[in-house]
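The data below hold one chain only, encoded as structure tokens and taken in the form predicted on its own.
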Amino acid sequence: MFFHITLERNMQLHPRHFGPHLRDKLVAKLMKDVEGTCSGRHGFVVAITNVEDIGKGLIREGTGFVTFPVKYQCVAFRPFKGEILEAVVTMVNKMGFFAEAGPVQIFVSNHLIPDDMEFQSGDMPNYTTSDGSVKIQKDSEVRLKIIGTRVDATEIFCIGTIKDDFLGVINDPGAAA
């Protein structure tokens, strides 16, 4: 799920960046440092939407660097248990498959795949129904349900299932070929 939140961060800036474009340099450094990162508490920072306030700088003794408190708004992505996501399959093996929904990697165990689908090994491993009408392979798009999350300091891991109504393959790249 996406959230629009306000966060604060202390930014250090070298004295060579002081001048008429100080604010621009701080905002550029903030975007470079923050966008695409993950914190366990807030999730993945997708984009900074607004810089609300840049406080007064504090000179660090001995280095000349200045620390500015910056208050900014951003869009954050954090998956929750029970949430339905659409993801792209990145790897298939006999244990299940891995899929990515944006920055989040989701593992779907073979126990959480419908019973009528069986693993087929070969040059393109996949899960196929007995009649061959549905196939989950690398680059397939699937709709899945998050049934568990584990949050680390810098990463979020998820376990998903497609063993429920309206879940499963949305788009199969192998069908178009």
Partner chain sequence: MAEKGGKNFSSEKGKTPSNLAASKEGSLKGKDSVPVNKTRHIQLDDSDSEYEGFVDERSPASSKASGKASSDLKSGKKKVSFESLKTGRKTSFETPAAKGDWGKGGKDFNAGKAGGKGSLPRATAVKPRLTEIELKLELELPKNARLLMDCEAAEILQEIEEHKTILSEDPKVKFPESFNKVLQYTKFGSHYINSQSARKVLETLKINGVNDGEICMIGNICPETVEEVYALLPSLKVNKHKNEEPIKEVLASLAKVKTSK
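Rigid core: the largest C-alpha set superposing within 1.5 Å between the two forms. Residue numbers count along the first chain shown, from 1. Just so we're clear, the structure is a prediction, and the values are computed from it rather than from any experiment.
Keep in mind the form predicted in complex with the partner chain is missing from the figure; the text below concerns it.
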**Report entry** the partner chain contact at residue 18 in the predicted complex, heavy atom, 4.5 Å
**Finding:** no
Report task. Determine whether any heavy atom of residue 137 comes within 4.5 Å of a heavy atom of the partner chain in the predicted complex, and answer yes or no. Result -> no
**Report entry** Contact test in the predicted complex: residue 64 vs the partner chain, heavy atoms, 4.5 Å
**Finding:** no
Query raised in the report: Does any heavy atom of residue 56 come within 4.5 Å of a heavy atom of the partner chain in the predicted complex?
Result: no
Requested in this report: Let me know which residues along 88-125 have a heavy atom within 4.5 Å of the partner chain in the predicted complex, or say none if there are none.
Outcome: 88, 91, 93, 95, 98, 100, 101, 102, 103, 105, 107, 109, 111, 112, 115
Query raised in the report: Would you say residue 151 moves between the shown form and the other one, meaning its CA shifts by 2 Å or more once the core is fitted?
Result: yes
